[in-house]
Structure formats: structure tokens, C-alpha cells
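Given as C-alpha cells, the chain that follows is alone and in the form predicted on its own.
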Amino acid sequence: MKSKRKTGFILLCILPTLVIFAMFIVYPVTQVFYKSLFSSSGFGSSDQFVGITNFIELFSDDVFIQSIKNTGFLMLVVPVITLLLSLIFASMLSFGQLKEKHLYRTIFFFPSILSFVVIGILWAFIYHPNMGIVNEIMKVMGLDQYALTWLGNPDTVLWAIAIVMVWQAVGYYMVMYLAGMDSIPKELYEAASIDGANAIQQFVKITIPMLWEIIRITIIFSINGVLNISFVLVIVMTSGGPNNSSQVALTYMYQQGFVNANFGYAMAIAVVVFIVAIILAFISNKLTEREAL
């Protein structure tokens, strides 16, 4: 009897959370899958059931294929560079003898509290071909031939956006690694030093293994973060140009749904992105799985 009361009390406590989760997560997701099977403008009664036709057209759509390639490039490049730099900076601030380490923590973390729209506008001016600071520095250094239209060149636009995403996220993950490094017992490093291990060996043999669970989480966060952040930055900085060279999956979905009024097709893109995100999260979790130390 006491056990049943306890179970009932727990269910009563989590009921509001379950209701909110069902309203704002489960119901919208099921509607996305359902609407992807219709030809719809998104304005009511003109919906027509077309089955998997949207998905068949999707994989013969050159712009969609290009957007998936661009998204894949960012999901491959940005997390690797971001997490590597975050680890290096966190290690320098945690174990280095820097007097201004608290100032550096604030400076590195500052981009993480800025709005993505503000960041996109800021970097659009930094990359500006005529008054941007990047080209001005190139000209001062006598490298005029490398002063490019960074966001207007198909060869450089994705790298330019990737740099912005790395700049925005490095401080955020660095703080997470710093918290983990502060919890590692100093005796481990003292024992390793006595055994003759240098700083790099201590980093590889002690710091990385002890931080591994945090690193696993940040890999998944970073991959999923690329999907969301790339949408805002591409919309603000390039609108997918030039000639779809910076188009990513979510901007193409937005364009189809809210510019071309092709809502069913946009929902089909959303379904593919949702499935890809789940698969990547599962794969990254499995690849980094190891026994706890």
C-alpha cells in the first residue's frame, strides 16, 4: 500500500513535465512526419496526400544534395577544430602559470553569450571585401592577392562560416573542460612527474582519460549545435549564396516552407535532418563508448 502511494506521488510530480513534453515535443514531431506525406502550401484545406513522393523528389534535388554536403562539411570540420582548441585552451588556463587566467576565461567565454544574429552581422562586416578588417590586414602585410570576397566566393564561404562557428563555441566548451580539469586529483600529475612524464604525456595519459565522459557529451552537443547555429549564421551572412554554395539543410527547409510555400516538401527535409541527427548522435555515442575509469 505504501509502495503504491509512493508510485502515485511520483507520477503526480512528473505529470506536468510529461504533458509539456507531449505538447511541445512529441506532437510537433509526429506532425512533421505526417505532413511530409502531403503536398501542402501550409495554408489549410488544399493539402493532398502524395505518400513518399516528397522524399523521392528530395533525393533527385541538386540543391538539397548540395545543402546536405555543406551541412556534412560543417558537422565534420567545426566540432573537431572547436573541441581540440577548447581542450588546448582549457589545459593552458588550468595548468599554466598565467596571472591573467581569469581575464582570459572571460574573454574566451564572451562570444558564447552573444546573440547568433549579432555574431553573424559582426562577422559579415569583418569579412566585408572593401571595409572588412581581414582584407585590411592582408593589405597591410603586403598580401593583397589574398584579400578576397570571403563570403562571395564559393571556395571560401563555407570555411569563413566554419571559422565563425568555431570562434563562437570554443569558450563555451572550454569552460566545461575547465570544470572537469579542476576535479582531477593533483596527486596524479605529481606521481606522473616523479615517474618522468612530460606535460604532453600527462595530458594524453591523464587529462584526456579523466575527461572522457565530458568529451563524449561535448561531441554530441557540438554536432547537434552545428545544425542549429549554421541556420542562423547562413541566413544572416549569406542567405545560402553564392549560388547555393553555403546553403545548409535547415536554410533550404526554411526556404521551401516559408518562401516557396512548399510546406510538405519542407517537412520531408525536416524528417531527413531529424533522422540524420539521431543517427549521428547514436554513432558518436557508440564510437566514444568505453569503460569508465
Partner chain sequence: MSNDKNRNPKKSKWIMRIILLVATVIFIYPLVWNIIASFKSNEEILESPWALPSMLRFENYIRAFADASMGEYILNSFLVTALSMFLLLVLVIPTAHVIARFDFTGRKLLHNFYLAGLFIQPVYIMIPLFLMMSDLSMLDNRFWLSLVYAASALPFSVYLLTGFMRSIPKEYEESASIDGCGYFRTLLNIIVPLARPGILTVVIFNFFTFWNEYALALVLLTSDEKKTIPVGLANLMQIQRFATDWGALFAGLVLVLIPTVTLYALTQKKLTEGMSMGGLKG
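These numbers come from a predicted model, not from an experiment. Positions refer to the first chain, counted from 1.
Another form, the form predicted together with the partner chain, is not on view; read the next lines as being about it.
- Three-residue candidate spot Ile25, Leu122 and Glu190; every residue lies within 4.5 angstroms of the partner chain in the predicted bound form by at least one non-hydrogen atom.
- Residue contact check for Val29: one or more of its heavy atoms lie within 4.5 Å of the partner chain in the predicted bound form.
- Although the partner is absent here, Tyr172 lies within 4.5 Å of the partner chain in the predicted bound form, judged by heavy atoms.
- The partner chain is not drawn, but in the predicted bound form it has a heavy atom within 4.5 Å of Ile10.
- Contact annotation for Ile68: none of its heavy atoms lies within 4.5 Å of the partner chain in the predicted bound form.
- The partner is absent here, but in the predicted bound form a heavy atom of Met92, alone among Met92, Leu76, Met141, Leu84, sits within 4.5 Å of the partner chain.
- Along 222-261, residues Asn224, Gly225, Leu227, Asn228, Phe231, Val232, Ile235, Val236, Ser239, Leu250, Met253, Tyr254, Gly257, Phe258 each place a heavy atom within 4.5 Å of the partner chain in the predicted bound form.
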